[in-house]
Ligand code: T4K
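Let's start with one chain on its own, the form predicted on its own, as C-alpha coordinates.
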(Lines give C-alpha, C1' and ligand atoms only; values in the text may rest on other atoms or scores of the structure.)
Protein backbone atom coordinates (compact mmCIF):
# COMPACT_ATOMS: atom_id res chain seq x y z
CA UNK A 1 0.00 0.00 0.00
CA UNK A 2 1.42 3.35 -1.01
CA UNK A 3 0.59 6.84 0.17
CA UNK A 4 -0.66 9.12 -2.60
CA UNK A 5 1.71 12.05 -3.12
CA UNK A 6 -0.77 14.93 -3.41
CA UNK A 7 -2.98 15.74 -0.41
CA UNK A 8 -6.61 14.82 -0.70
CA UNK A 9 -7.81 18.06 0.93
CA UNK A 10 -6.46 21.59 0.68
CA UNK A 11 -7.79 22.44 4.15
CA UNK A 12 -7.48 20.21 7.24
CA UNK A 13 -10.31 17.83 8.04
CA UNK A 14 -10.18 17.65 11.85
CA UNK A 15 -11.36 14.66 13.83
CA UNK A 16 -14.20 16.81 15.20
CA UNK A 17 -15.43 20.37 15.39
CA UNK A 18 -18.48 21.91 17.06
CA UNK A 19 -21.48 23.26 15.19
CA UNK A 20 -21.82 26.60 16.95
CA UNK A 21 -25.13 28.48 16.95
CA UNK A 22 -25.63 31.96 15.55
CA UNK A 23 -23.75 34.39 17.77
CA UNK A 24 -26.70 36.79 17.93
CA UNK A 25 -28.99 33.96 19.08
CA UNK A 26 -26.53 33.06 21.83
CA UNK A 27 -26.30 36.70 22.94
CA UNK A 28 -30.08 36.96 23.05
CA UNK A 29 -30.34 33.80 25.17
CA UNK A 30 -27.78 35.24 27.58
CA UNK A 31 -29.53 38.61 27.82
CA UNK A 32 -31.71 37.81 30.91
CA UNK A 33 -28.63 36.91 32.95
CA UNK A 34 -26.71 39.90 31.62
CA UNK A 35 -29.49 42.30 32.53
CA UNK A 36 -30.11 40.79 35.97
CA UNK A 37 -26.41 40.67 36.82
CA UNK A 38 -26.68 37.09 38.10
CA UNK A 39 -24.30 35.17 35.89
CA UNK A 40 -23.67 32.17 38.16
CA UNK A 41 -24.76 30.60 41.49
CA UNK A 42 -27.87 28.81 40.24
CA UNK A 43 -29.34 31.48 38.02
CA UNK A 44 -32.52 31.41 35.99
CA UNK A 45 -30.88 30.03 32.83
CA UNK A 46 -29.25 27.14 34.67
CA UNK A 47 -32.56 26.16 36.24
CA UNK A 48 -34.34 26.43 32.89
CA UNK A 49 -31.74 24.24 31.21
CA UNK A 50 -32.03 21.60 33.94
CA UNK A 51 -35.80 21.46 33.52
CA UNK A 52 -35.58 21.15 29.74
CA UNK A 53 -32.89 18.48 29.91
CA UNK A 54 -34.89 16.45 32.44
CA UNK A 55 -37.84 16.54 30.04
CA UNK A 56 -35.71 15.67 27.01
CA UNK A 57 -34.04 12.79 28.85
CA UNK A 58 -37.31 11.54 30.39
CA UNK A 59 -35.79 11.44 33.85
CA UNK A 60 -36.91 12.94 37.12
CA UNK A 61 -33.87 15.03 37.98
CA UNK A 62 -31.00 16.72 36.16
CA UNK A 63 -28.24 18.67 37.92
CA UNK A 64 -25.94 20.53 35.53
CA UNK A 65 -22.35 21.25 36.55
CA UNK A 66 -19.17 22.78 35.15
CA UNK A 67 -17.93 19.70 33.26
CA UNK A 68 -18.37 15.97 32.85
CA UNK A 69 -15.42 14.99 35.06
CA UNK A 70 -16.89 16.89 38.00
CA UNK A 71 -20.26 15.28 37.25
CA UNK A 72 -18.69 11.84 37.67
CA UNK A 73 -16.90 12.77 40.89
CA UNK A 74 -20.10 14.22 42.34
CA UNK A 75 -22.15 11.18 41.28
CA UNK A 76 -19.72 8.83 43.01
CA UNK A 77 -19.74 11.01 46.13
CA UNK A 78 -23.55 11.19 46.12
CA UNK A 79 -23.73 7.38 46.22
CA UNK A 80 -21.31 7.24 49.15
CA UNK A 81 -18.68 5.28 47.27
CA UNK A 82 -15.58 6.93 48.76
CA UNK A 83 -13.22 4.17 49.88
CA UNK A 84 -15.05 1.54 47.81
CA UNK A 85 -14.05 -0.50 44.77
CA UNK A 86 -15.87 0.24 41.50
CA UNK A 87 -15.99 -2.06 38.46
CA UNK A 88 -15.08 -0.06 35.33
CA UNK A 89 -13.80 -0.89 31.83
CA UNK A 90 -10.08 -0.43 31.30
CA UNK A 91 -10.74 0.82 27.78
CA UNK A 92 -12.18 4.27 28.38
CA UNK A 93 -11.12 7.89 28.59
CA UNK A 94 -8.48 8.34 31.27
CA UNK A 95 -10.59 11.12 32.84
CA UNK A 96 -13.00 8.42 34.02
CA UNK A 97 -10.27 6.63 35.95
CA UNK A 98 -8.88 9.90 37.33
CA UNK A 99 -12.36 10.85 38.54
CA UNK A 100 -12.59 7.59 40.46
CA UNK A 101 -9.30 8.45 42.14
CA UNK A 102 -10.46 11.99 43.02
CA UNK A 103 -13.63 10.49 44.50
CA UNK A 104 -11.55 8.17 46.68
CA UNK A 105 -12.58 5.00 44.82
CA UNK A 106 -10.42 2.14 43.62
CA UNK A 107 -11.01 1.13 39.99
CA UNK A 108 -11.41 -2.58 39.35
CA UNK A 109 -10.53 -2.88 35.67
CA UNK A 110 -12.72 -5.06 33.49
CA UNK A 111 -11.99 -6.32 30.00
CA UNK A 112 -14.05 -5.79 26.84
CA UNK A 113 -16.14 -8.36 25.05
CA UNK A 114 -14.15 -9.80 22.15
CA UNK A 115 -14.21 -7.64 19.03
CA UNK A 116 -16.28 -4.87 20.61
CA UNK A 117 -15.73 -1.62 22.48
CA UNK A 118 -18.06 -2.48 25.35
CA UNK A 119 -17.33 -3.93 28.78
CA UNK A 120 -17.76 -7.68 29.22
CA UNK A 121 -20.45 -8.43 31.86
CA UNK A 122 -18.53 -11.60 32.77
CA UNK A 123 -15.57 -9.45 33.80
CA UNK A 124 -17.88 -7.18 35.80
CA UNK A 125 -19.24 -10.22 37.63
CA UNK A 126 -15.71 -11.30 38.54
CA UNK A 127 -15.04 -7.78 39.85
CA UNK A 128 -18.18 -7.88 42.00
CA UNK A 129 -17.30 -11.29 43.36
CA UNK A 130 -13.87 -9.86 44.22
CA UNK A 131 -15.26 -7.02 46.31
CA UNK A 132 -16.38 -4.26 43.93
CA UNK A 133 -19.37 -2.40 45.42
CA UNK A 134 -20.63 -0.53 42.37
CA UNK A 135 -20.72 -0.83 38.58
CA UNK A 136 -19.71 2.06 36.33
CA UNK A 137 -20.69 1.15 32.78
CA UNK A 138 -19.44 3.34 29.94
CA UNK A 139 -21.50 3.91 26.78
CA UNK A 140 -18.59 4.36 24.40
CA UNK A 141 -18.61 6.12 21.01
CA UNK A 142 -22.38 6.67 20.94
CA UNK A 143 -23.06 2.96 21.42
CA UNK A 144 -24.38 1.27 24.56
CA UNK A 145 -23.22 -1.22 27.17
CA UNK A 146 -24.86 -4.61 27.64
CA UNK A 147 -27.39 -2.82 29.83
CA UNK A 148 -29.71 -5.74 30.60
CA UNK A 149 -26.80 -7.94 31.70
CA UNK A 150 -25.39 -5.18 33.93
CA UNK A 151 -28.83 -4.53 35.43
CA UNK A 152 -29.08 -8.20 36.33
CA UNK A 153 -25.68 -8.16 37.99
CA UNK A 154 -26.50 -5.00 39.96
CA UNK A 155 -29.73 -6.51 41.27
CA UNK A 156 -28.14 -9.83 42.13
CA UNK A 157 -25.26 -8.24 44.03
CA UNK A 158 -27.25 -5.36 45.52
CA UNK A 159 -24.95 -2.63 44.16
CA UNK A 160 -25.68 0.66 42.37
CA UNK A 161 -25.53 0.66 38.58
CA UNK A 162 -24.06 3.92 37.32
CA UNK A 163 -23.39 4.92 33.73
CA UNK A 164 -20.92 7.20 32.07
CA UNK A 165 -23.09 8.48 29.21
CA UNK A 166 -20.63 11.23 28.24
CA UNK A 167 -20.77 9.92 24.66
CA UNK A 168 -24.50 9.19 24.80
CA UNK A 169 -26.52 12.43 24.83
CA UNK A 170 -29.49 11.94 22.51
CA UNK A 171 -28.97 8.20 22.13
CA UNK A 172 -31.76 5.73 22.97
CA UNK A 173 -31.90 2.03 23.74
CA UNK A 174 -35.24 0.35 23.07
CA UNK A 175 -36.82 3.79 23.06
CA UNK A 176 -35.36 4.85 26.43
CA UNK A 177 -32.75 7.66 26.58
CA UNK A 178 -29.35 6.22 27.49
CA UNK A 179 -29.00 8.79 30.27
CA UNK A 180 -32.19 7.51 31.93
CA UNK A 181 -30.80 4.00 32.46
CA UNK A 182 -29.42 2.68 35.73
CA UNK A 183 -29.50 4.44 39.09
CA UNK A 184 -27.81 7.54 37.68
CA UNK A 185 -25.79 8.68 34.69
CA UNK A 186 -23.34 11.44 33.95
CA UNK A 187 -23.27 13.47 30.75
CA UNK A 188 -20.58 15.63 29.17
CA UNK A 189 -21.44 18.79 27.26
CA UNK A 190 -17.92 19.48 26.00
CA UNK A 191 -17.58 21.39 22.74
CA UNK A 192 -16.92 18.17 20.80
CA UNK A 193 -20.18 16.50 21.85
CA UNK A 194 -23.45 16.42 19.84
CA UNK A 195 -25.00 18.66 22.50
CA UNK A 196 -22.72 21.30 23.96
CA UNK A 197 -22.59 24.08 26.52
CA UNK A 198 -18.92 24.54 25.43
CA UNK A 199 -17.88 22.99 28.73
CA UNK A 200 -20.33 21.49 31.16
CA UNK A 201 -21.90 18.25 32.25
CA UNK A 202 -24.73 16.82 34.29
CA UNK A 203 -25.82 14.09 36.66
CA UNK A 204 -29.24 12.69 35.78
CA UNK A 205 -31.19 10.34 38.01
CA UNK A 206 -34.67 9.31 39.01
CA UNK A 207 -33.74 9.52 42.69
CA UNK A 208 -34.46 12.85 44.33
CA UNK A 209 -32.08 12.31 47.25
CA UNK A 210 -29.17 11.69 44.87
CA UNK A 211 -29.98 14.79 42.80
CA UNK A 212 -30.23 16.92 45.94
CA UNK A 213 -26.92 15.65 47.25
CA UNK A 214 -25.24 16.42 43.91
CA UNK A 215 -26.69 19.93 43.98
CA UNK A 216 -25.36 20.56 47.47
CA UNK A 217 -21.97 18.99 46.75
CA UNK A 218 -21.55 21.21 43.69
CA UNK A 219 -21.96 24.35 45.83
CA UNK A 220 -19.46 23.68 48.65
CA UNK A 221 -22.07 21.71 50.65
CA UNK A 222 -24.12 24.81 51.53
CA UNK A 223 -27.78 24.17 52.27
CA UNK A 224 -28.33 27.80 53.28
CA UNK A 225 -26.35 31.02 53.16
CA UNK A 226 -24.16 30.18 56.16
CA UNK A 227 -24.72 26.49 56.90
CA UNK A 228 -22.62 23.67 55.45
CA UNK A 229 -23.88 20.09 55.54
CA UNK A 230 -20.72 18.32 54.32
CA UNK A 231 -17.51 19.04 52.40
CA UNK A 232 -18.39 20.04 48.86
CA UNK A 233 -16.67 21.79 45.98
CA UNK A 234 -17.34 24.48 43.41
CA UNK A 235 -18.74 22.65 40.38
CA UNK A 236 -21.44 25.14 39.41
CA UNK A 237 -22.43 25.77 35.80
CA UNK A 238 -22.49 29.47 34.94
CA UNK A 239 -25.21 31.30 33.01
CA UNK A 240 -23.17 31.68 29.82
CA UNK A 241 -22.81 27.91 29.55
CA UNK A 242 -26.50 27.46 30.34
CA UNK A 243 -27.43 29.99 27.64
CA UNK A 244 -25.38 28.04 25.11
CA UNK A 245 -27.22 24.88 26.12
CA UNK A 246 -30.63 26.51 25.73
CA UNK A 247 -29.71 27.60 22.20
CA UNK A 248 -28.23 24.26 21.11
CA UNK A 249 -30.72 21.84 22.71
CA UNK A 250 -33.51 22.46 20.14
CA UNK A 251 -31.03 21.56 17.41
CA UNK A 252 -30.00 18.20 18.89
CA UNK A 253 -32.21 16.05 16.62
CA UNK A 254 -30.87 17.83 13.53
CA UNK A 255 -27.30 17.43 14.77
CA UNK A 256 -27.76 13.69 15.28
CA UNK A 257 -29.45 13.26 11.89
CA UNK A 258 -26.60 15.04 10.11
CA UNK A 259 -24.00 12.96 11.93
CA UNK A 260 -25.99 9.86 10.99
CA UNK A 261 -25.71 10.75 7.31
CA UNK A 262 -21.92 11.03 7.65
CA UNK A 263 -21.85 7.65 9.42
CA UNK A 264 -23.92 6.17 6.59
CA UNK A 265 -21.38 7.31 4.00
CA UNK A 266 -18.54 5.80 6.03
CA UNK A 267 -20.39 2.52 6.47
CA UNK A 268 -21.19 2.22 2.78
CA UNK A 269 -17.70 3.22 1.66
CA UNK A 270 -15.82 0.93 4.07
CA UNK A 271 -18.13 -2.10 4.04
CA UNK A 272 -16.25 -5.28 3.27
CA UNK A 273 -12.82 -3.63 3.41
CA UNK A 274 -10.40 -6.40 4.43
CA UNK A 275 -8.87 -5.90 7.85
CA UNK A 276 -11.30 -3.16 8.92
CA UNK A 277 -14.01 -3.74 11.52
CA UNK A 278 -16.82 -1.21 11.82
CA UNK A 279 -18.96 -0.69 14.90
CA UNK A 280 -21.83 -3.16 15.22
CA UNK A 281 -24.68 -1.24 16.83
CA UNK A 282 -26.51 -3.14 19.59
CA UNK A 283 -30.05 -4.21 18.78
CA UNK A 284 -32.56 -1.52 19.73
CA UNK A 285 -29.96 1.28 19.82
CA UNK A 286 -30.60 4.64 18.21
CA UNK A 287 -27.09 6.06 18.20
CA UNK A 288 -26.24 9.74 18.43
CA UNK A 289 -23.23 9.07 16.16
CA UNK A 290 -20.93 10.88 18.56
CA UNK A 291 -17.88 9.13 17.05
CA UNK A 292 -17.07 6.79 14.17
CA UNK A 293 -14.58 4.17 15.39
CA UNK A 294 -12.98 1.50 13.25
CA UNK A 295 -10.54 -1.26 14.13
CA UNK A 296 -7.51 -2.05 11.98
CA UNK A 297 -6.15 -5.58 11.91
CA UNK A 298 -2.70 -4.89 10.50
CA UNK A 299 -2.11 -8.28 8.89
CA UNK A 300 -5.34 -8.30 6.90
CA UNK A 301 -5.42 -4.58 6.11
CA UNK A 302 -1.78 -4.30 5.06
CA UNK A 303 -0.69 -1.63 7.55
CA UNK A 304 -1.21 -0.89 11.21
CA UNK A 305 -3.17 1.93 12.77
CA UNK A 306 -0.23 4.30 13.05
CA UNK A 307 0.61 3.84 9.39
CA UNK A 308 -2.99 4.50 8.35
CA UNK A 309 -3.07 7.63 10.51
CA UNK A 310 0.06 8.83 8.70
CA UNK A 311 -1.52 8.18 5.31
CA UNK A 312 -4.63 10.12 6.29
CA UNK A 313 -2.52 12.95 7.69
CA UNK A 314 -0.70 13.10 4.37
CA UNK A 315 -4.08 13.90 2.83
CA UNK A 316 -4.81 16.56 5.47
CA UNK A 317 -7.21 14.24 7.35
CA UNK A 318 -6.73 14.09 11.11
CA UNK A 319 -7.97 10.95 12.87
CA UNK A 320 -7.43 9.98 16.50
CA UNK A 321 -6.33 6.81 18.30
CA UNK A 322 -8.89 6.42 21.09
CA UNK A 323 -7.85 5.19 23.73
CA UNK A 324 -4.23 4.41 23.00
CA UNK A 325 -3.24 4.48 26.68
CA UNK A 326 -5.33 2.36 29.01
CA UNK A 327 -5.92 3.58 32.54
CA UNK A 328 -4.42 0.32 33.72
CA UNK A 329 -1.13 1.27 32.03
CA UNK A 330 -0.56 4.43 34.05
CA UNK A 331 1.72 4.45 37.10
CA UNK A 332 -1.03 5.35 39.59
CA UNK A 333 -3.04 2.26 38.68
CA UNK A 334 -0.73 -0.32 37.06
CA UNK A 335 0.05 -2.12 40.33
CA UNK A 336 -3.60 -3.00 40.97
CA UNK A 337 -4.33 -6.69 40.57
CA UNK A 338 -7.04 -5.95 38.00
CA UNK A 339 -4.61 -3.87 35.91
CA UNK A 340 -2.39 -6.80 34.97
CA UNK A 341 -2.20 -7.48 31.24
CA UNK A 342 -3.34 -11.09 31.49
CA UNK A 343 -6.76 -9.88 32.65
CA UNK A 344 -7.23 -7.36 29.82
CA UNK A 345 -6.34 -8.95 26.44
CA UNK A 346 -9.29 -7.47 24.54
CA UNK A 347 -8.76 -4.01 26.02
CA UNK A 348 -5.10 -4.10 24.99
CA UNK A 349 -6.08 -5.17 21.49
CA UNK A 350 -8.68 -2.41 21.22
CA UNK A 351 -6.15 0.17 22.40
CA UNK A 352 -3.78 -0.97 19.66
CA UNK A 353 -6.36 -1.18 16.83
CA UNK A 354 -8.97 1.55 17.38
CA UNK A 355 -9.07 4.64 15.22
CA UNK A 356 -11.78 7.30 15.17
CA UNK A 357 -12.40 8.96 11.81
CA UNK A 358 -13.51 12.58 11.47
CA UNK A 359 -17.09 12.92 12.69
CA UNK A 360 -19.06 16.15 12.98
CA UNK A 361 -22.38 17.37 11.68
CA UNK A 362 -20.92 19.82 9.17
CA UNK A 363 -18.55 17.33 7.54
CA UNK A 364 -19.57 17.34 3.85
CA UNK A 365 -20.78 13.95 2.66
CA UNK A 366 -18.48 14.15 -0.35
CA UNK A 367 -15.56 14.65 2.05
CA UNK A 368 -16.58 11.57 4.03
CA UNK A 369 -16.77 9.59 0.77
CA UNK A 370 -13.32 10.83 -0.22
CA UNK A 371 -11.91 9.74 3.15
CA UNK A 372 -13.26 6.21 2.60
CA UNK A 373 -11.65 6.17 -0.85
CA UNK A 374 -8.29 7.22 0.63
CA UNK A 375 -8.53 4.42 3.18
CA UNK A 376 -9.41 1.83 0.56
CA UNK A 377 -6.38 2.62 -1.58
CA UNK A 378 -3.99 3.38 1.31
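Quick caveat, the model's predicted, so the values are computed rather than measured. Positions refer to the first chain, counted from 1.
If you look for the form predicted together with the ligand, you will not find it shown, but the lines that follow are about it.
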- Query: Is residue 292 close enough to touch the ligand in the predicted complex, meaning at least one heavy atom pair within 4.5 Å?
  - Reply: no
- Query: If you check in the predicted complex, is residue 40 within 4.5 Å of the ligand, heavy atoms only?
  - Reply: no
- So, in the predicted complex, is residue 167 in contact with the ligand at a 4.5 angstroms heavy atom limit? yes
- Message: Test of understanding: in the predicted complex, would residue 367 fall inside 4.5 Å of the ligand by heavy atoms?
- Response: no
- Item | The unique member of 190, 85, 172, 146 whose heavy atoms fall within 4.5 Å of the ligand in the predicted complex | 190
- Which of 192 to 200, 73 to 81, 229 to 237, 254 to 262 sits within 4.5 Å of the ligand in the predicted complex, heavy atom basis: 192 to 200
- Task: Note that the ligand is not shown here; using its position in the predicted complex, name the residues of 56 to 76 with a heavy atom within 4.5 Å of it, in sequence order.
- Result: 67, 68, 69
